[in-house]
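In the structure tokens that follow, the same protein chain appears in two forms, which are kept apart as structure 1 and structure 2.
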Structure 1
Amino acid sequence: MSSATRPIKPKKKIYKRWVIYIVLALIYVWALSGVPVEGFKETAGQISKAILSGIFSPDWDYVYLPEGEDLLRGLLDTLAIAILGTFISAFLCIPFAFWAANNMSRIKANAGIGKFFLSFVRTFPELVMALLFIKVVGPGSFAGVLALGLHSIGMLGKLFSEEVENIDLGPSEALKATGARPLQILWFAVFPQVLPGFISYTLYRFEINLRSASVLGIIGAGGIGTPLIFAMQSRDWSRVGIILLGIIVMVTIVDIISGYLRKKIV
């Protein structure tokens, strides 16, 4: 093949690629410049070893204590926070989901406002919400429940509204033609279509909320996080070990059950 007939590598692509490289390089120079380089605490190795040995020799006695404040009760509390918080948000987000669904309102801007509101709620960190609720109802599990309940509206509302946007509008039209009232149309034509999706997303959010609920205690909003942070502060690493183990086991079991249920529903 003579070189004259060879296509030339497109210049624009090379140019674009270099721009991306340079931008990336600048970002990393900037990011690395802000990291303190004074190094690790001298005790880092020692503590890591202590934590590891704590995790591999957990404080089994802590699993159940007759006088309370043990691992099982902590996990149960965590589970309860996640269940109640998820349920509250699944319930409260329904009107927002319909508000944010494009096919449910005649004015498109209306749905847009709904979507923005939901993304606002989604971005508001749940821990900060929990901190604020602690100021309102006092420290404890209830503050955690309220924080999860409010924060999850953001994500569940978005997922629910996408489900509503995907429905077949035919049945609604048929119901309208029989002389049904708007609420009846919603109940008979829309709800049966979206319910499986709603339940599946609620379970998915429950999996996420369980993880969140296990850290809420770090700031005093109930659950297993509180004894965990106490154990860390008192450097009781074998207790930290058993709590971590407990969280991992609980989350794994709940993930498996919830995943099974979600598969069955869809």
Structure 2
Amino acid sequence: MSSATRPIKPKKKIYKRWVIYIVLALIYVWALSGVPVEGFKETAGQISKAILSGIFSPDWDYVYLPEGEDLLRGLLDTLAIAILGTFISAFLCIPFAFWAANNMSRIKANAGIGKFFLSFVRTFPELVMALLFIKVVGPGSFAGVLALGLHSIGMLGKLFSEEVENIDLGPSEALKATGARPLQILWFAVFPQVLPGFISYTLYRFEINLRSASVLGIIGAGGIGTPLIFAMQSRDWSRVGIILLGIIVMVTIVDIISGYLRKKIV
């Protein structure tokens, strides 16, 4: 291509781009200038060395302890919290998903109220909900299950409602013309279309809940997070290393299985 036919970028676009870069750089400088930098402690190097040596030389004896809590029991507890929280939310969010779907109601205000409710529910993070449920039911796995279940209702409800809005209304209209009841239309025309998407979103949400369940134990909501925070407080870095290694292995295996199932379903 010759220089005569080569497109020339307007100077205004180049100037505009540089102005954006400069403004972003100034925003970063302004934001970082407010961060207090007091320097490192005198023992920072020693502590960092102890942390790294403990993480890279994990306590393998903690994997299984016949007399008490160990890594396997903590991971199993975390997995159970994630499964129950996801299972509860996947069923409870279905009516809210149809409530928030625009094509399931003749009055748009009803769908708007449903969308607002789902947005309100998912506003609160799992940690905040876990703290609230700990005050209600006490510390333990039950509080973690309730926190994950309630928060996931808002997240899955939003995804499910979008799946319902993308269905083909032709089968529903055909059944309605034959005199089918609303429940029959839902069962034979709507659910077959949305079920693969529902299962896929549920599996994806389970992956997220598994990571969240690993953290909830830090505040007393059960799971592997409880022995993790105890090991960190006692500076038992070798135990911290084996717990982190167990979390990595569990999350990786679940991600592989979930991804395989979602590909088969969708």
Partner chain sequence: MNQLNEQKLPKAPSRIKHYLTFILILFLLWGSAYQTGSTFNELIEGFPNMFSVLDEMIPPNWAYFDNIIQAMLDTIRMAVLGTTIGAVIAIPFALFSASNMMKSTWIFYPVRFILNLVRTIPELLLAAIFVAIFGLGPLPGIFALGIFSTGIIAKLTYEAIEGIDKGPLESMTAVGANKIQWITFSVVPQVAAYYVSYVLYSFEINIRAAAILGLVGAGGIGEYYDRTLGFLEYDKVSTIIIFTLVVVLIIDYISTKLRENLL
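The first residue in the sequence of structure 1 is number 1, and each one after it adds one. Rigid core: the largest C-alpha set superposing within 1.5 Å between the two forms. The shown structure was predicted, so the numbers you read here are calculated from the model rather than taken from an experiment.
J.: Of structures 1 and 2, select the one representing the form predicted on its own.
T.: It is the second structure that is the form predicted on its own.
J.: Verify the C-alpha shift of residue 256 between the two structures: is it 2 Å or more after superposing the core?
T.: Residue 256: C-alpha displaced by less than 2 Å between the two structures.
J.: Is the C-alpha displacement of residue 28 equal to or greater than 2 Å between the two structures once the rigid core has been superposed?
T.: It does shift by 2 Å or more.
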